[in-house]
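The chain that follows stands alone, in the form predicted alone, written as C-alpha cells.
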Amino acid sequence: MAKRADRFVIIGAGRVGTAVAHLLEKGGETVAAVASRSDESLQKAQRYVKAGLFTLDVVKAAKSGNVILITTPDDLIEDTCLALSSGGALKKGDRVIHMSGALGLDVLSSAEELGAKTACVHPLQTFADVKGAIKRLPGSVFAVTARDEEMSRWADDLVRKLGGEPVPLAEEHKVLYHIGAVVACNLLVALEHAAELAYQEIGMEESKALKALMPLIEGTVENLKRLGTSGALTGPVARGDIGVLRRHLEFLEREERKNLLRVYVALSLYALDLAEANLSRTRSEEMERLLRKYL
C-alpha cells in the first residue's frame, strides 16, 4: 500500500505559521490550507504562501489536509484542537502538531482520542517579523516532543524539511526548557532596555543610547560564540574587583533603584558562579557575602 502523502494545514497565520508554510512549499511540500482569525493576517500570509485555501474557518481548513500544524498563541492551542476534534476535522492517522515551547502534548488530547498522532516541534529562535522567521528558522535547533518513536522520527524529518536541527525534549522538561529560552532572549531584551534607560539618564538621546550599546552587545555575543559563557565573562565580578562592585551596589541602594539593584545582585551571583574558577576562594566568598547583603 502506497504511503499517504502529507498535506499540510497551518492553523494560525502569524509570523511562525506563515514562515513554516513558506519553507514547506519552498521544499516541495503541499500546503493545502492556511487558517487564521483575521482577514488581515490571511492577506499578509498570501504574500509568502501559495496554499490552495485561505480561510477563517479552521475546521474547513483542517479537513483539506492530514497534517495539522497549530501555530496559534499558546493560550489558544487547546481550544483550537478541541474545535477541530468536535467539528469532525480530524480522523485516525492524522498528525496534529503544536509549536509551543512551554506546553506539553496534553493540550492535543482531544485529537489523540480520535486516533490522531501528536507532537510538538519548537524552534529555539526569535521572530520579530515573517522575513526574519523565514531567514532564521533554517539552521535553528528545534525541540521535539512526541509520544512514540514513529512520531518522533516523523517530527525529526519535519524539522529537517524546515532546515532545522531536531533535538529530543522530554515532556517533563518543557517548562524549564522554555524558561531558559525566555531568559536568553526575552529577558535579555529587557536587560538591554535597563541599560538603555541608564544611558538616557546620563544625557544620551533615546535614539543614540541603544546605538552606543550595540557594539558592546555584539562583541559580547561574538565572545559567547567563540568562548562559551565562562570564557566570555568580563567585568568587575570576573576580575574580582570588589571595590567597583561595592560602589555599584551602594549607588543603586542610595538612589533607591530597587528593581535594578535586585537584577544587578541576582545576575552578579550567577556571574560569580562562572568566575569562581579564576578567583581565590577568599575573594569569591567575600564577593558573595557582599552581594547577599543586598538580596
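Residue indices: 1-based, along the sequence shown. All of these numbers come straight from a predicted model, not from anything done at the bench.
Although not depicted, the form predicted together with a small molecule is the subject of the following passage.
Contact check for residue 80: a heavy atom falls within 4.5 Å of the small molecule in the predicted bound form. The small molecule is not shown here, and in the predicted bound form it never comes within 4.5 Å of any heavy atom of residue 9.
At the 4.5 Å threshold, heavy atoms of residue 58 reach the small molecule in the predicted bound form. Not displayed here, the small molecule is approached by residue 15 to within 4.5 Å at the level of heavy atoms in the predicted bound form.
Looking at 263-271, 247-255, 232-240, 65-73, the stretch with residues near the small molecule in the predicted bound form, meaning non-hydrogen atoms within 4.5 angstroms, turns out to be 65-73. Each of 38, 123 and 126 places at least one heavy atom within 4.5 Å of the small molecule in the predicted bound form.
Think of it this way: in the predicted bound form, the small molecule has a heavy atom of just one of 100, 152, 140, 110 within 4.5 Å, and the residue is 100.
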